[in-house]
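Just the one chain here, laid out as structure tokens, in the form predicted on its own.
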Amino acid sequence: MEENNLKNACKALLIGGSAGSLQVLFSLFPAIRPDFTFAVIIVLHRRNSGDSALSELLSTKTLAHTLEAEDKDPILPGKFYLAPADYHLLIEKNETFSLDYSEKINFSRPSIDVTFESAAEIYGPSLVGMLLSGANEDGTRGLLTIKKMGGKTVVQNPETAQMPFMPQHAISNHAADYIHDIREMADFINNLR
């Protein structure tokens, strides 16, 4: 499927990352047109305290509304949502968020896999998952679920990642439809509709 065929298909874009991914987002956010027509949901491995201002910091890089997801919040197009620290972020059938404090997965809470898998069940082929820099396996299983449900997957080129293990693991497990550097990821996102 060509990227142009993704127009009119995307209801949600998920972006997952760990070590090194914040710098990618700082470069990516300003390059994304602020008139996007789908929800962008970001799941980052982060400390469970001390970075509560992360959504405010990210909001300085874009004109689009950026906020931390809260339990039962409706998922609306044209907004950046950030998974809160120390909670798994799930997507419910009524397209709202659900926060969960169950055990860590891949040593992480929030887990990228948890969000990607729950979103894949709801959005199916209208979902795009993107995995950035990181140092563990989180995200690969979620990307494979997105692919299985008909969605599309993008992985940061490991050669451009500060921590290449996470994107390389996804590629090695055939979880990537596309492998892009930061500029190519921005172009990809700007072509989604």
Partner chain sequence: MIEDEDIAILLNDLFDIYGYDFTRYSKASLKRRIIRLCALDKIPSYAELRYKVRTDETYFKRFVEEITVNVTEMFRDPSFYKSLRDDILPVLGTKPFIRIWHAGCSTGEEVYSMAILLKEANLLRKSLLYATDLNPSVLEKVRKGIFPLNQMKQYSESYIASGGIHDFSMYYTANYGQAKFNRELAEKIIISTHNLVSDSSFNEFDLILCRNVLIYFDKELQDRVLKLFDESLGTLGYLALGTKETLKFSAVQSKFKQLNREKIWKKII
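All of these numbers come straight from a predicted model, not from anything done at the bench. Positions refer to the first chain, counted from 1.
Keep in mind that the form predicted together with the partner chain is not shown, yet the notes after this line are about it.
Although the partner chain is omitted here, in the predicted complex none of Lys152, Val155 and His174 has a heavy atom within 4.5 Å of it. The stretch among 35-43, 66-74, 162-170, 126-134 whose residues place heavy atoms within 4.5 Å of the partner chain in the predicted complex is 66-74. For the chain shown alone, Glu92 is a contact residue for the partner chain in the predicted complex, at least one non-hydrogen atom being within 4.5 angstroms.
The partner chain is not drawn, but in the predicted complex it has no heavy atom within 4.5 Å of Asn106. Contacts between 72-86 and the partner chain, taken as any heavy atom within 4.5 Å in the predicted complex, involve Lys72, Pro84, Asp86.
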